[in-house]
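Let's start with one chain on its own, the form predicted on its own, as structure tokens.
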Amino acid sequence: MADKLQATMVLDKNYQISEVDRRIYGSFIEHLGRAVYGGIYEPGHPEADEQGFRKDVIELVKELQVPIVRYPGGNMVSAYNWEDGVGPKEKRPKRLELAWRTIEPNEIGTNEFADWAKKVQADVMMAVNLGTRGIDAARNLVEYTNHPSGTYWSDLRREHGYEQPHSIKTWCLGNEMDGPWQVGQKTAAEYGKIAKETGKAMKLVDPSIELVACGSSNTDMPTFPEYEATTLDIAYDEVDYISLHQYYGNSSNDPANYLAKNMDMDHFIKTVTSTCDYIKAKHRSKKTINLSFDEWNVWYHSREQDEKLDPWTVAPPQLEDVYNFEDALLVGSMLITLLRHADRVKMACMAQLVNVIAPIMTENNGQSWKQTIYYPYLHASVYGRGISLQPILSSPKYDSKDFTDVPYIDSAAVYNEQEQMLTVFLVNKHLEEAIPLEVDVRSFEGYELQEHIVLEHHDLKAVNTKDTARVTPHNNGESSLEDGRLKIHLNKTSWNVIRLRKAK
């Protein structure tokens, strides 16, 4: 047994996948549950700023260095009138929000969210309603947010107190339009047509924007990947990205199988990539469609309690998953998977950011805290900027209920040439054994070991609460570097970040 549990890897600065687009560390705020009201915004809170935004939450988001945030949905965007959320707050209507069956007070809308995004130093990825609305509302919103002045909608924005345009450059053409749960569900042909025509009009208003078309809501949809193929066949020339959404859970309490689920994510990315390239070949196009994995996370803990909530209330505690340590491990492996596909995945959004299936939790009129999944997201976002390298990994493997030949070790590496820094991200999925890993880093001559961060816990079900942070990283990882050989001791079920820097 001991002989088998050895792993080796080669990292060479010439084995490059792609420059990492910083937007793969994006996130998502939907008007859902307490993401907005009680999450990012709570006017009566002791930490609220002059606009009612919680400063404690702003600081936690800034620490994550979130580059882009998708807004305002999600399912809710498919019946959302953006005009409800602009202008004087006292004149804004309260609406029935059909996706999550709540009441939307519209105290926060486009302008306020753009203000909040500036405070957390993030760009906005704006979604338009292609469920109950279409071309007209979308082109007007682009004019309202992006046109300088001298037209009805741009001057209305100025009248609302925003002289300068928000210059929002990334736009989602609807959300999960194949889903029967969606208000205004569409077939691929119907959606492809509306996406094409809406995108065309939006780009006439502002040719500098980039557009994300909806793909299948998830890989279990009966129309996957035909939905992507048909949509792109119709709208190829107008759109720049196609979206992917996927959530995983462990309701069967099978940790070995659960920790292998990023292999499904890997297969999903490869399938959508090949579908995009098939349509590119069919159209004899020079343009490559890239991927926006704009919803991904673990989601299963809260489903039972959500069924007990009363409808038609404001900001009920919906989708408030309390994440445990094994969830953090899978999130780490999902981040590694995104990095391994940095050549085609150019944007990704952990869904969501605050309270709703989120790394950050808050208490109404109380404190905020970091869930277990906060840490791998933090490490990847802060240290994973640069060039994604192709690790040549030899790892022992296992079989689980749904997966065969699962490597015990997941790995990604990012080389930041400017800072002369190499960061290696590793997950050991073995439930019982530590695994020694030897990495050949001879191409990084003159580099020194800076630190080895580890996130680990003896209890896979350990959680963080407002009172107790049981799962937090430490800097006492066991590793050494000598003669271009990096020796790493990977503790069982652990997330590891190893950082090397060139000696001065």
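Heads up: residue numbers just count along the shown sequence, starting at 1. Model, not experiment: these values are computed from the prediction.
The protein also exists as the form predicted in complex with alpha-L-arabinofuranose; that form is not presented, and the subsequent description refers to it.
_Options 446 to 454, 28 to 36, 470 to 478, 432 to 440; stretch whose heavy atom lies within 4.5 Å of alpha-L-arabinofuranose in the model of the complex_ = Checking each option against the 4.5 Å cut-off leaves 28 to 36.
*asked:* Considering non-hydrogen atoms and a 4.5 Å limit, does alpha-L-arabinofuranose approach F403 in the model of the complex?
replied: No, F403 stays farther than 4.5 Å from alpha-L-arabinofuranose in the model of the complex.
*Using a 4.5 Å heavy atom cut-off, state whether I357 contacts alpha-L-arabinofuranose in the model of the complex.*
Output for I357 is yes: heavy atoms within 4.5 Å of alpha-L-arabinofuranose.
*Give a yes or no for N262: in the model of the complex, does one of its heavy atoms lie within 4.5 Å of a heavy atom belonging to alpha-L-arabinofuranose?*
N262 lies outside the contact set for alpha-L-arabinofuranose.
_Exercise: G384 in contact with alpha-L-arabinofuranose in the model of the complex, heavy atom 4.5 Å_ = Contact with alpha-L-arabinofuranose, no.
_Among the candidates W369, Y162, W100, Y236, the residue which, in the model of the complex, approaches alpha-L-arabinofuranose to within 4.5 Å (heavy atoms)_ = Looking at the other structure, the residue within range turns out to be W100.
*alpha-L-arabinofuranose: the contacting residue among V272, A315, L232, L319 in the model of the complex [heavy atom, 4.5 Å]*: Here the answer is residue option L319.
*Could you run down 291 to 311 and flag each residue that has a heavy atom within 4.5 Å of alpha-L-arabinofuranose in the model of the complex?*
The stretch 291 to 311, when checked against alpha-L-arabinofuranose in the model of the complex, contributes E295, W299 at the 4.5 Å heavy-atom cut-off.
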